[in-house]
Ligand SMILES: NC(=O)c1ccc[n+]([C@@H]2O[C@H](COP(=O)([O-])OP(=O)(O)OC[C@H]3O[C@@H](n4cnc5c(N)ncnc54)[C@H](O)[C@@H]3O)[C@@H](O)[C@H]2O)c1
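Next comes just one chain, in C-alpha cells: the form predicted on its own.
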Amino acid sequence: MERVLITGGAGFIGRHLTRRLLDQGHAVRVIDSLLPQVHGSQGHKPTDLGPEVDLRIADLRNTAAVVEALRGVDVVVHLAAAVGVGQSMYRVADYVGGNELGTASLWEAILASRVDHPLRRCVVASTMGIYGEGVYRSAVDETPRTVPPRQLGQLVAGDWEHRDAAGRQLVPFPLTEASPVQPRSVYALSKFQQEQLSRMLGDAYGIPVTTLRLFNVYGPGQALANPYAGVLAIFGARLLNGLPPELFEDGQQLRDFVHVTDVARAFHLAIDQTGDASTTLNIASGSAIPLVDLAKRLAGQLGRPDLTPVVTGRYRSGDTRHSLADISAAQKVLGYHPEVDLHAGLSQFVQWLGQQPLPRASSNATAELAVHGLMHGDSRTSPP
C-alpha cells in the first residue's frame, strides 16, 4: 500500500481521484486551502471526501504545513490551482501567487523531505490552455501550422474562424504534446510554469514527473455556484433556473469534453507508472463537439428543449477558437482509453444535477470581465 498526497484534493477532480485510490487500497492524504469561491465560506471538509481521508487545511505557500503533510508519502498528485481563464487576467497576483509560488513551495517541501522519505513519483495536473490558439491546416494543404491570435477587427466583424492569406477558413488540427506552447491567459501561463518547474526540479533530483494536460473535464461534483467553473456546470446552473445557456461568438467553438471518472483513472494510471522517465500527456476523450450542440443536448436531457441556447454576440479576451486533442501518447504510455462517452456522461451529469439544491445562475463572471475591459461586443440574444 502506498500513501498518496493530493494537493487540492478536496476539489472536483480530487474527490473522484480520492475515492478511486481508496477503493484500490491506497492511503490518501489531502492538503487543500478550501477556497471560498470553490467550497463556499464555511471551510468545512466536503461530505463526499470520506472519513478515511486525512485532510490538512492549508495553503501550499505554507511550507511547514506541506512538509508535515509529506511525511510518509510515496507519490504526490499536484492538482491545487486557482482556476479561471478570464478571472486570471485581472487577478494576476492571485493566480501567479497561488499557482506558481504554490508549486515552488510544494517543491521546496518535497526536497526538504526527500532524505527521510523520497518520493517515487510526482503527477502534475496541467491544462489544454497552454496550447493557446493551437494548430490548423488549410483545406488544400494537410501540413499543420500554428496561427496567430485573431485580431480585434476580425472579431468586431463577427468573423470568428482562423483563415489563410487567401481568406480560406483553416481546419483545426488535433493537438499533440509536441504542439507549440503559446498560452493566451495568465492562468494558462501559470500552469505551464507549474509544468516547467516540476520537470526541472524532478530531473535535477531524480524524481520522475508525469504531467497530464487536461482538456474540458465535466461530471458530477462540479461547483455549480462558482461562476468560473467549467462551461457545462455554467450551462446546467442556468437551465435549472429556467434560463437558456448563453454562448459567446457563434457557439460553433469545438471543445473536447472528458468525463471526470476517465480523468481520475488517468491519474491512477500515472501514479502506478514504473520507471524513471518523466512524461507529458494529453488527457481527453479524443473527440470534439461544438458548444452550441453541447448546450442543446444538455437542455434536452434535462427535459428543457424549449430553452434554446442563445448567441450573445460577445467575445472574451484570451479565448481560443477550437481545441481538439490527440490522445495517442496517453494510450501508448499509460494504456489510457476513455470509457465514458458523451451521451452516458451527460446522463450521469443530469442525474446528479437533479439531486442538487437550485444553484444561483450568476452573470457575475461576465460582468466582472466587462468592468475590466475583457468582454467585447454588443450583447444580443439571437438563436444559433
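Quick caveat, the model's predicted, so the values are computed rather than measured. So that there is no doubt, residue numbering starts at 1 and follows the sequence shown.
This next part talks about the form predicted together with the named molecule, which is not shown.
In plain terms, the part of the chain that comes close to the named molecule in the predicted bound form, with a heavy atom within 4.5 Å, is 73-81 out of 73-81, 147-155, 310-318, 234-242.
With respect to the named molecule in the predicted bound form, the three residues 8, 58 and 215 uniformly fall within 4.5 angstroms at the level of their nearest heavy atom. Within 4.5 Å of any heavy atom of the named molecule in the predicted bound form lies no heavy atom of residue 284. Heavy atoms of residue 21 never reach within 4.5 Å of the named molecule in the predicted bound form, leaving it off the interface. Proximity of residue 125 to the named molecule in the predicted bound form: non-hydrogen atoms within 4.5 Å are present. Although the partner is absent here, residue 98 sits close enough that one of its heavy atoms falls within 4.5 Å of the named molecule in the predicted bound form. Contact with the named molecule in the predicted bound form, defined as a heavy atom within 4.5 Å, holds for exactly one of 34, 334, 342, 69, namely 34.
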